[in-house]
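Single chain ahead, written as structure tokens, the form predicted on its own.
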Amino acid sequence: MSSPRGPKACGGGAADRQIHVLAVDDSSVDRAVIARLLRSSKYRVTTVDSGKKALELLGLEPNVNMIITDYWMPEMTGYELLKIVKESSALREIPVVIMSSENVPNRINRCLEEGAEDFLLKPVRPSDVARLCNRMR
């Protein structure tokens, strides 16, 4: 599988580069779960515990291929992080996936309308991670 940015590793396939996913969640348990699932699919994963730290990292690390973030976090919600990313000319091309343990249709629709690539319900499953490959740019 290839794209304008070059070949990708999805689901463990061989590639010239590894896909880098930034996982953002204030829960250390949820961060560990999503990181383990992503790494088992051969993604390179960086985890941070807040939207503010995610933005700091994005300023330092330009090679992030996807952001997966919790919806509810202190200081900055995943929705607020999504809006900042999509309003930034430097970041707007990075796909953002929102996760939440709450199935609230209005919230899901609002995130998708604001530019989220997907909305995953926790607990995130291996099948959810497999689906993310098609969302990469």
Partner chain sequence: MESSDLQRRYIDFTSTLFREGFLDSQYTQLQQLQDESNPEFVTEVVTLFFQDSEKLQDDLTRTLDQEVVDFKKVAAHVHQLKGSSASIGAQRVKNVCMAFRICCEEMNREGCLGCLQQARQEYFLVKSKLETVFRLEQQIVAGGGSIPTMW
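Note that the coordinates shown come from a computational prediction; the quantities given were computed from them, not determined experimentally. Numbering follows the first chain given and starts at 1.
Although it is not shown, the form predicted in complex with its partner chain is what the next lines describe.
If you check its partner chain in the predicted bound form, you find no heavy atom from any of K83, E93 and M136 within 4.5 Å. Stretch 33 to 41 is the contacting one of 85 to 93, 46 to 54, 60 to 68, 33 to 41, since its residues have non-hydrogen atoms within 4.5 Å of its partner chain in the predicted bound form. Contact annotation for G115: none of its heavy atoms lies within 4.5 Å of its partner chain in the predicted bound form. Residue contact with its partner chain in the predicted bound form: S101 places a heavy atom within 4.5 Å of it. Looking at R17, you'd find every heavy atom of it more than 4.5 angstroms from its partner chain in the predicted bound form.
Taking the partner from elsewhere, N109 is found to have every heavy atom lying beyond 4.5 Å of its partner chain in the predicted bound form.
Residues of 54 to 73 placing a heavy atom within 4.5 Å of its partner chain in the predicted bound form: W72 alone.
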